[in-house]
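To begin, one chain is listed below as structure tokens, in the form predicted alone.
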């Protein structure tokens, strides 16, 4: 990995950006948050786990047919993770995806310990970074479970719509299952509002309901007990949609626009959150089980 050097810490902060619904700003958020962290001086790795491979387009990268991608991380043990990591910008690296990653879900089901492959294959490279962002596919399948098994926390990019709220409850149920069975340290940072229109009455009502939902679980020992609706919301901004077509992040394409300001502020808000929110201590299975009906019952 060109330009890599060991970080002072042994493990970076690992964030899975996940939403089972497509078109909500997940990949845009991964690329631009990654760029914002890098600009702030954090050595950042973003991993494209979506077969649509749109994340790579933000960095002007289209993998050649014979070029290794994240699929090789899952299916080719002889390929080292360091061979897949490409430099995008100063302090910013990425692992590209390709459409063949869609075939991995079925193949992984035949492998032992299939939920831990991503974490195991990336383990040797993690000390080189301060932050790792995992761009999950728009589904709750094996690839997303691998991301959740590796992550410290989950960030849910979404729009302020009624159906998004119902989908959030289903997603949190999945996070709880993974925390109980595979990753006891997993928490939920919260919701990142994308393409937001602050004047919409419907949007305001949905945001209030999301905030009320999280408030119900304060002190519950559930993974989302400290979750919040992150501020600021990412305002609807045409520059964010245009930037990938030029192979650029928003900070390359329009660094003074509203989208750049919003993602810069969110990155700073997350860094402040990491200082004040102590990761949940491991709780017993009995404690978690007693709360498990929370999202389904709401």
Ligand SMILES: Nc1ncnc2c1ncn2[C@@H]1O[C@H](COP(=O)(O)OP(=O)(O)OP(=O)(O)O)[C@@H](O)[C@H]1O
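Remember, predicted model here, so these are calculated numbers, not experimental data. Positions refer to the first chain, counted from 1.
Just so you know, the form predicted in complex with the ligand exists too; it's not on screen, but the next bit is about it.
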Of the residues 241, 40, 269, 261, which one places a heavy atom within 4.5 Å of the ligand in the model of the complex? 241
Among 269-277, 247-255, 25-33, 65-73, which stretch has residues whose heavy atoms lie within 4.5 Å of the ligand in the model of the complex? 25-33
Within 4.5 Å of the ligand in the model of the complex, do we find a heavy atom from each of 21, 234 and 237? yes
Does at least one non-hydrogen atom of residue 138 fall within 4.5 angstroms of the ligand in the model of the complex? yes
Can you check whether residue 195 is within 4.5 Å of the ligand in the model of the complex, heavy atom basis? yes
